[in-house]
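Single chain ahead, written as structure tokens, the form predicted on its own.
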């Protein structure tokens, strides 16, 4: 079977998998999931024209000449409904989010006003005009309030008024009915990833239960007589089974809780039993046993169980002996036994497949450009993934190898911020050149692999 390029192998995997079916989850448990159906608004929001500011609801026609004095006919708080319509020469004190009363067509911010009230000596012609408008025969006058009690409308004044200092156009500082959403409109489309902002929208339309794409059921199996399980006594002649747990964490980072099947020894009968158990899941990750040694039984055993293999090798380093196949119900990834190779292959093939099955549009780790701090040599023919650390410099990043890059050196992954991608046709990269780095930390993904072979 031909050794595929990384890009061709990725394409093969993604063309094979598909988005899974839907399942309901509570809103509180939906973060990070993907909507399986459109979500529609169940009301206009806001349900009526509301004030965008604390201030005064006015008729803009009353402010053709400013400053102007308007009488205050009522206070309207958020949650209240106006009791009066605003007429010529009137206004209503209004709070942010409160409904705009009939007759008013604009809101003036409180910062652009000066509160006045009836009950003291006439201070200026504007106030005298208001007094005459109210009742030319009445013995009334206007004062500017000097105390907090007066400013809050608790004085013994006969009537409150406000001086408006700016002119505005209709609609000023008003949020119109339905500005946020209209009843019946699709506000969230199927395929939307549920973020905290999306949670807020779902709560707004009262989606207590959400239809989301279900998570794939993932099983992880390690193989090999040389492996030592977590509960086994320490044996210096054995190799701790780090792969199961590293892969477990990579799956968990995608929001999936996998099943650990344990370790299958290098025995065809025992291996077949473990593999049959794993084939009950949507995805089976088999670590080790995919090489060509005489005691690597995974390939013949898995094929005997009816798994149709699509590739067994990929032109990459590390991770050359990676395999992928499927049955009618299960996708199987044969991952290398070396821990770094296993983790790199997960990043390049398994993670994108799982995210597609979960309904995500962005499948690959985010990539950035960085300046390489040292020379890197490479033998052309395989795409190489070099573990690097990243340091900010100027307007970008500097990438430096974590050190020795052996595929069994797990510390190189533990210390890495990303995987520097060296194209297959390259014979090396010189210090100072720009390189592409796939980030390993965080949860931000993008829609393509971000590198070219």
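Numbering follows the first chain given and starts at 1. Being a predicted model, the structure only gives us computed values, none of them experimental.
There is also a form predicted in complex with adenosine monophosphate (AMP); it is not shown, and the following applies to it.
Contact check for residue 105: every heavy atom lies farther than 4.5 Å from adenosine monophosphate (AMP) in the predicted bound form.
Put simply, residue 337 is close to adenosine monophosphate (AMP) in the predicted bound form: some heavy atom of it is within 4.5 Å. Shown alone here, residue 242 lies within 4.5 Å of adenosine monophosphate (AMP) in the predicted bound form, counting heavy atoms only. When adenosine monophosphate (AMP) is considered in the predicted bound form, residue 347 lies well away from it, no heavy atom lying within 4.5 Å. Between 188 to 196, 223 to 231, 67 to 75, 309 to 317, the stretch whose residues reach within 4.5 angstroms of adenosine monophosphate (AMP) in the predicted bound form through a non-hydrogen atom is 223 to 231. This chain lacks the partner; the member of 296, 270, 112, 173 within 4.5 angstroms of adenosine monophosphate (AMP) in the predicted bound form by a non-hydrogen atom is 296.
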